[in-house]
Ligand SMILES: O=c1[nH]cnc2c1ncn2[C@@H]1O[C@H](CO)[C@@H](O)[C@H]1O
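In structure tokens, one chain follows: the form predicted alone.
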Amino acid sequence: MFHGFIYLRKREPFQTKPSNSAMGESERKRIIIDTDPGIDDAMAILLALSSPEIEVIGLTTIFGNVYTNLATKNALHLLEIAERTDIPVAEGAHSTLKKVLKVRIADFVHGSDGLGNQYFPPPQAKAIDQSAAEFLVEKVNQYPGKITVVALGPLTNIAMAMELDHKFSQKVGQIVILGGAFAVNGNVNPAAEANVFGDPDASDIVFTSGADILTVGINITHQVIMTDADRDKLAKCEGKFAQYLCKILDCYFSYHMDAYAIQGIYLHDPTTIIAVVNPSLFTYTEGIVRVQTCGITKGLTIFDNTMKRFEGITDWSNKPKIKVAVTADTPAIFQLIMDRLMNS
């Protein structure tokens, strides 16, 4: 439980938009997905492409589940599967913000190819010439206040975009982050969640940038679980995306059985997409989040609910607040994920 947090239940800023049939094309949320595909990233990308409330205008790639060059190939492959090769892919950083080349790769979770050891043929398309940071900066300048960046991996590309354009945090509409472990153990070690751990320096910069940020931690995503029975339902439907996902899920299910002793999988990345599609399914609290960047608690997300006024000037003083998801309507979230993937 989140003892001492201030729960903000006023949801007016997060009203669900009507379906695309009831609104103009211009009212759809333009999103860029920063991703490290990854099995649950694949689910999230296909879910986003099945959601009429949002328009995916680009994918940027980052290390995490796989190395960045493979993340780019997988992103291009997924767009081919979805028949959306019109969407550009920009390759991101190969090392952390501080140029640490030895990055953590979760191939033991997602398979050596990132997609359940299926070894699909290489994609025909190529990434664009721009780097991920350059692409992000270009798009927030093209559509100031209208771009939502959905960060599903380490936050290196986002931090680099902020370094490239010091007004990026003011120009971006919102950054929705899969990241952090708030009042629960991490999933890399007892302290840290994987994406924040992947580049804690970048995470700290982004969390304190002053951008409009909503972060969805594993305290939320560990509540959204696909069971074996749910996978069977997916397998029985004729949807193209559902059939594709059933090919790649075995590896992910096996990992969860080994690591957590559960007959199911956590839907981290798809849940984060739902926070964009229908944020009214979540409640949140506001406060300052800092990240521990070294030591045995490297990657720890520390939340200050600002209930106490501390004396003196510290590393917490005058830092901007962000929104942290603290509750979720998990049955509704899961049903929305399943419905869209099954009917794609």
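Note that the structure is a prediction, hence the values are computed from the model and not measured. Note that residue numbering begins at 1 and tracks the sequence as displayed.
Absent from the display: the form predicted in complex with the ligand. The rest refers to it.
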Worksheet entry | Close approach of residue 218 to the ligand in the predicted bound form, 4.5 Å, heavy atom | yes
Query raised in the report: Is there any non-hydrogen atom of residue 73 lying within 4.5 Å of the ligand in the predicted bound form?
Result: no
(message) Can you tell me whether residue 34 touches the ligand? I mean in the predicted bound form, with a 4.5 angstroms heavy atom cut-off.
(response) no
So in the predicted bound form, does residue 271 come within 4.5 Å of the ligand, heavy atom to heavy atom?
-> no
Is the ligand close enough to 207, 303 and 305 in the predicted bound form that each of the three has a heavy atom within 4.5 Å of it? no
In this chain shown alone, the residue from 127, 93, 176, 194 with a heavy atom within 4.5 Å of the ligand in the predicted bound form is 194
Exactly one listed stretch (104-112, 117-125, 229-237, 159-167) reaches within 4.5 angstroms of the ligand in the predicted bound form by non-hydrogen atoms, and it is 104-112
Residues in 232-265 that come within 4.5 Å of the ligand in the predicted bound form by at least one heavy atom, in order, are 252, 255, 260
